[in-house]
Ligand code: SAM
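Okay, so here's just one chain, in structure tokens, the form predicted alone.
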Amino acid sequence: MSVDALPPLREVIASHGLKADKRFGQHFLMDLNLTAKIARLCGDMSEATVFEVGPGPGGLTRALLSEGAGEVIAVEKDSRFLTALEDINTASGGRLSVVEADALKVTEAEIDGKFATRMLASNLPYNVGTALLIKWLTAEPVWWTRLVLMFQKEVAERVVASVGDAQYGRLAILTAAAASPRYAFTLPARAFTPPPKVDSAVVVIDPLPADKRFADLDALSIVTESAFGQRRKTLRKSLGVAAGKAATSSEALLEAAGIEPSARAETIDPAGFMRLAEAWRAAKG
């Protein structure tokens, strides 16, 4: 049996008595045309190990394998789905392996894979999508060559936002410092079972070359968390938490970065925040 000859996903879900669990932010994408569209955003996967987080009953998993992934490693913490995923592994000729674990605690770079090229494609659980993206963006070494990720639409817009956009904030800055993102397409809530309360969207993220990637993402994370934690305040006031961690003042950090103390976080572009991060690191020593 091939992957394409497997029973329809609805039949699989019914036969295994599966249902989405709200605790894990699960919503199943049943339309195989949409899952194939997402898989194709990965590009050539024939000599790649593709990681997938939260495969559930395996809709996107099937698409990745059908579209030619050399290998798929699925990270799934919900043991209810393991039997259905094993059926996909058998149909794929052993190209699927499952790691039963919490994706937030997995170190992907240490997982054995058959290929040096590593990608990640996932319909991310709504409740951990942002945390997982930050984990992958800040990973050292950078183990991935492309991320194809589905988020709530609002989160996807935050990932690709530019300074001046209403959605611009910490997530856009961290992404811009490490990668080049693009908004691929929107998926309406009705495409999922059960339908969530909001639409979703797929974002494609490619890593920046090493010489263009910001070197101190930890410092950048600290200053952006502080700056955007109190959006309505000026940076002189909102940077207080970060400044305290470096035993300095907000004014000193802003002066070193060449930023007006009266400015607000949403008006500063990623390059400005990178200068702030460098100033913070220099102050901390």
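When you see a residue number, it is the position in the sequence shown, counting from 1. Small disclaimer: the values here were computed from a predicted structure and weren't measured.
What comes next is about the form predicted in complex with S-adenosylmethionine, which does not appear here.
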Report task. Could you tell me which one of 243, 259, 29, 63 places a heavy atom within 4.5 Å of S-adenosylmethionine in the model of the complex? Result -> 29
Query raised in the report: Here the chain is shown alone; which of 206, 78, 199, 87 has a heavy atom within 4.5 Å of S-adenosylmethionine in the model of the complex?
Result: 78
Query raised in the report: Are any of the heavy atoms in residue 101 no more than 4.5 Å from a heavy atom of S-adenosylmethionine in the model of the complex?
Result: yes
**Report entry** is_contact(residue 124, S-adenosylmethionine) in the model of the complex, heavy atom dist at most 4.5 Å
**Finding:** yes
Query raised in the report: Applying a 4.5 Å heavy atom distance criterion, does residue 128 contact S-adenosylmethionine in the model of the complex?
Result: yes
Query - Touches S-adenosylmethionine in the model of the complex: residue 235 (any heavy atom, 4.5 Å) - result: no
Report summary line: Per contact check vs S-adenosylmethionine in the model of the complex (non-hydrogen atom within 4.5 angstroms), the hit among 139-147, 155-163, 78-86, 182-190 is 78-86
